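Presented as structure tokens, the chain that follows is alone, the form predicted on its own.
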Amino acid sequence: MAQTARVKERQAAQAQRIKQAQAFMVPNHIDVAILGGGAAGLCAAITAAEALGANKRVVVFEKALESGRTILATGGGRCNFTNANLSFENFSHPEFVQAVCKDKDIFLADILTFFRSSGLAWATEDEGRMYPLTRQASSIQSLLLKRAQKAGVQFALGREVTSVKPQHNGFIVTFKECFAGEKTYKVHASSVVLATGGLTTTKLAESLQLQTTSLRPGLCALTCTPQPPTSLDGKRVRAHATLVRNGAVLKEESGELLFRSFGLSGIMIFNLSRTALPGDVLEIDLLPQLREEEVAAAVEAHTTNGLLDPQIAAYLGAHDSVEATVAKAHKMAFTVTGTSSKVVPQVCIGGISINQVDSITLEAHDIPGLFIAGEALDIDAQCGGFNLSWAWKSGMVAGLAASKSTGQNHASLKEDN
């Protein structure tokens, strides 16, 4: 009965969201169109709307019926929204990220100032990871939506943008209503911020003749051979991993390893997944901190129970000596076969090439008035709040620049008239 009630509640909530989406009439002219209502899109919309002030239209186009929904899955639902040490080496294309964000201390200060003025309190945990004081990602989503609404941002939810075409003093944005068939609509926008992710970015980039790098899942679980047995599924250990390709070491990580029946997961594996390709070898040390005297004590006691989970020890060699089992624990090896669809990737690696974008404003070099932020660009980072940090900051930069571009377009229109 309780489950049936929950299903009915979800259905009612969905029906209400559709009703609200249908009630919104997308204006024919938009000052700043934000494509994508995730982390970067919301920051871009808020920044643009607050800079432009009243009587200007900033509209967020979002395929889903709820803006900011992707934020809810971050940090295991707790939203690790930034990191106390935003070192640029944690990002792909670190020079570009530094050019956009200036100094790492300024990078962090800008993010914290934005969220403090949004009403957020936070706490810092291990490795500098920063979370809302509530430890709930919904807190971040809620305060962003409230600030956006206060700034006058409008939300075109349930609308999927299918193409963007530059024209004199702006763009023609074509979209379809996801709740009402395949009919398409066209509106004019003075400036556009592209803040989508994944395949949507690729499609829109094609309509704009922008080059993209190939997309693949990142910060995700890896499938491998041999597959761990079901007896190890869900077992967690602190370990050290070395990623090897053709005999050369590519990357090393220490941290949590999670055994799954299909392969390997955990934060350490997520970070390695940004680099790992099929055919690479993961060399795992399950006892990286083990000292000789601890091994001697285990040998004397004729047991590895104080060193290893009994099921892991059994997998390594049920009838081996303590010394042999420890030796195997130091040198486990798995060959990567791909990424697992059973664990949702936290980021999409790839996107619009950074060499097509100005590092000061995030404006496309060859398309004035088009700004690109967040995951739409070929920028990704390791776990720890870095990807969200890039989303927030790049959204702010693109949103502010788009608001200034909109003003220039209006001035040009007056001159033409």
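Here the structure is a predicted model, which is why all the values come from computation and not from measurement. So that there is no doubt, residue numbering starts at 1 and follows the sequence shown.
Keep in mind that the form predicted in complex with a small molecule is not shown, yet the notes after this line are about it.
Visitor: Whether Ala195 contacts the small molecule in the predicted bound form should be assessed with a 4.5 Å heavy atom distance threshold; does it?
Guide: Answer yes; at least one heavy atom of Ala195 falls within 4.5 Å of the small molecule in the predicted bound form.
Visitor: Is there any non-hydrogen atom of Gly351 lying within 4.5 Å of the small molecule in the predicted bound form?
Guide: Result no; Gly351 lies far from the small molecule in the predicted bound form.
Visitor: Please check if Pro345 has a heavy atom lying within 4.5 Å of any heavy atom of the small molecule in the predicted bound form.
Guide: Output for Pro345 is yes: heavy atoms within 4.5 Å of the small molecule.
Visitor: With a cut-off of 4.5 Å between heavy atoms, is Ala327 one of the residues that contacts the small molecule in the predicted bound form?
Guide: Outside the cut-off, so no.
Visitor: Any chance Phe96, Gln356 and Leu362 all have a heavy atom within 4.5 Å of the small molecule in the predicted bound form?
Guide: Spot residues vs the small molecule: no contact at all.
Visitor: Only one of 22-30, 49-57, 64-72, 363-371 gets a heavy atom within 4.5 Å of the small molecule in the predicted bound form; which is it?
Guide: Every other range fails; the passing one is 64-72.
Visitor: Given that the small molecule is left out here, which of Ala148, Leu204, Ala189, Ile269 has a heavy atom within 4.5 Å of it in the predicted bound form?
Guide: None of the other options qualify; the answer is Leu204.
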